[in-house]
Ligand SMILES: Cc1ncc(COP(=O)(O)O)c(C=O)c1O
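Okay, so here's just one chain, in structure tokens, the form predicted on its own.
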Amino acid sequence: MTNPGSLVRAVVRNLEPYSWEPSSREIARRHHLPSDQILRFDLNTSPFRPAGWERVLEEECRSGTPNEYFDTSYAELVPLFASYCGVTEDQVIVGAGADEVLDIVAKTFLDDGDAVVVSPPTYSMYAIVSTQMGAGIRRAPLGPGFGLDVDAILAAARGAKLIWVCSPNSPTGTPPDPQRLARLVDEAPCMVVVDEAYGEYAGWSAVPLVPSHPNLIVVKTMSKAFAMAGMRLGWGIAQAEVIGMLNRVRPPNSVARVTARLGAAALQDLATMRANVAAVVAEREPLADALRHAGARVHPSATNFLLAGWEPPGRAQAIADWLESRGLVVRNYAHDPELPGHLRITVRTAEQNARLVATLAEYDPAAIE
């Protein structure tokens, strides 16, 4: 009998996969806690429900047709995305979350042996979707203050197909300087993909550069500011010719009908999204101050999360373990070579943040480390 492993593509056998976080149920079981006591500070999701949640679910339960395929053109969503971003409908592609749009971009542009540029530390999916297509990764690390090193990126991009940029960047929380990013898009010899998963928190977008830059693709999501992480809906903005190429690769019906209807409702109630964003942003600096009081170096953030570092790096690991044992889960970079001693912490509601701060205040390094 043939060994299936021998038939797997070599690039897949050698691929370092995305590291999924343990489920809340698994963490509760690990620490003998009730599941409803687990609070996620590691996923950068919104603490609020999306606009129209109950109404859309009720309407779908009453009159929906889950037994039928949904509209593959996403005719309800595309005009709403276009209006929100101030572009034409032929400049929009819809996907099941921003990750699917990133995957579509990689499949559209990359052949085996091509090169892409990433600026670590950044979102690991850029390298993963590129490597899956057989592309090589060129690294142009972030500069001082986690800013884009445009000269280094442009030097690395000679002969490359794609440059991946996270704006604002995850896991650091830093936005690129708009002028530097504009220069990068102007001078890049290849496609530039700007992932704006946290763009609503930063208040600035690269979308206005699209009409004058055929090499630019801006990727956005409903997962963060729009509070739809569990529903999986994202979109991309580019010139019409690029969107036409991307649509050749896009799966025909990956977005579920309930997701699409909920996305439409959220896009028709932008006031709720903006109020929720403002509520989170208002809590960001108080949480940063509390983390500084706990001994952390907190980096400036334009997102709904904070990157906090402790010395020595082992202390960050001990803090992460302490918090998790009490049902509070943070993203752990304590032993990451690019961010040693760091934890990434989502900004949630005042009450939820207070629970984390109070638990952190109970941590006694002398007794635990």
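Heads up: residue numbers just count along the shown sequence, starting at 1. What you see is a predicted model, and the numbers here were worked out from it, not measured in a lab.
We do not show the form predicted together with the named molecule, though everything after this point is about it.
With respect to the named molecule in the model of the complex, the three residues K107, V129 and V242 uniformly fall beyond 4.5 angstroms at the level of their nearest heavy atom. Heavy atoms of T221 reach within 4.5 Å of the named molecule in the model of the complex, making it an interface residue. Although the partner is absent here, S170 lies within 4.5 Å of the named molecule in the model of the complex, judged by heavy atoms. Taking non-hydrogen atoms only, P120 never approaches the named molecule to within 4.5 angstroms in the model of the complex. Contact check for D114: no non-hydrogen atom falls within 4.5 Å of the named molecule in the model of the complex. Checked against the named molecule in the model of the complex, the candidates F81, F226, Y198, W164 yield a single residue with a heavy atom inside 4.5 Å, and that residue is Y198.
For the options M191, V255, A206, A98, the one in contact with the named molecule in the model of the complex, meaning a heavy atom within 4.5 Å, is A98.
Only one of 285-293, 258-266, 98-106, 272-280 places residue heavy atoms within 4.5 angstroms of the named molecule in the model of the complex, namely 98-106.
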